[in-house]
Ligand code: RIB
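The chain below stands alone and is given in structure tokens; this is the form predicted alone.
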């Protein structure tokens, strides 16, 4: 069982020639909505990658919340810990997607901001019996810190994707088993510019010294830098044509949680997750782009054998 704690949003997506600058108005192309939110994206990605998933989250008592929960059920998630919040709307995100696949995102958190310690306590039984607990930072940090402490006390591995970037309490990092920042998140946490392989390696070691057993710094199309007690190095990405990179990191983390829940060796788990992320950027939208297990395995077979 993978337990995911995090956010649920509805993404409002506009395709644009390029990301607009400050004060600039540009004419966009197609508009559509898609299920999103870093927590929900990762939960769905883990389920499609083959894991049994329980999701701890909040949505509003509105159309967006109803659609979100229906989508979770369709993907086989255990939704008994998704609380309907009568005091706040469901989270939404405005996303610009440029022709080169790059994106710009603004989030209105809504009910996500109300996810609290009591919500985690209510799911205590499933938490302490999980193979992996996966979290991000679109919900209150005190809730994430409590969940990490609870999992750590019960010897459950904690996988933390420290996004969106923010400073983290030292105690939280001491309870994290696997940390998966991107370059900017690693830079914020270490104060070191992650702009070359040498600095990336130093940053990864610095992060491991803060508590996590393993650190995976994601580097976009370059790949990931993996730092463990017995391996340190760059694992190149799979080459695909990017249409929308919006949820690539979320798909990576969800697939990684699924792989680790199966006790897949770390380097193999990273390759599995990279294959999932590579497939995700070939489709538009966050959750719609998360690939199925059979498609991940097929890409691995084509490229690694």
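Numbering follows the first chain given and starts at 1. All values derive from a computational prediction rather than experimental measurement.
Here the subject shifts to the form predicted together with the named molecule, a form of this protein not shown in this document.
- Picking from 23-31, 262-270, 60-68, 37-45 the stretch near the named molecule in the model of the complex, with a 4.5 Å limit on heavy atoms, gives 37-45.
- For a residue to qualify, one of its non-hydrogen atoms must sit within 4.5 Å of the named molecule in the model of the complex; none of 237, 274 and 281 qualifies.
- Among heavy atoms of residue 185, none comes within 4.5 Å of the named molecule in the model of the complex.
- The closest non-hydrogen atom of residue 173 lies beyond 4.5 Å of the named molecule in the model of the complex.
- Among heavy atoms of residue 247, some come within 4.5 Å of the named molecule in the model of the complex.
- Contact annotation for residue 290: none of its heavy atoms lies within 4.5 Å of the named molecule in the model of the complex.
- The contact residue chosen from 117, 221, 201, 105 relative to the named molecule in the model of the complex is 105, the criterion being a non-hydrogen atom within 4.5 angstroms.
- Proximity to the named molecule in the model of the complex, defined as a heavy atom within 4.5 Å, holds among 93, 123, 168, 79 only for 93.
- Shown here without the named molecule, the chain has 9, 11 in 1-25 lying with a heavy atom within 4.5 Å of that partner in the model of the complex.
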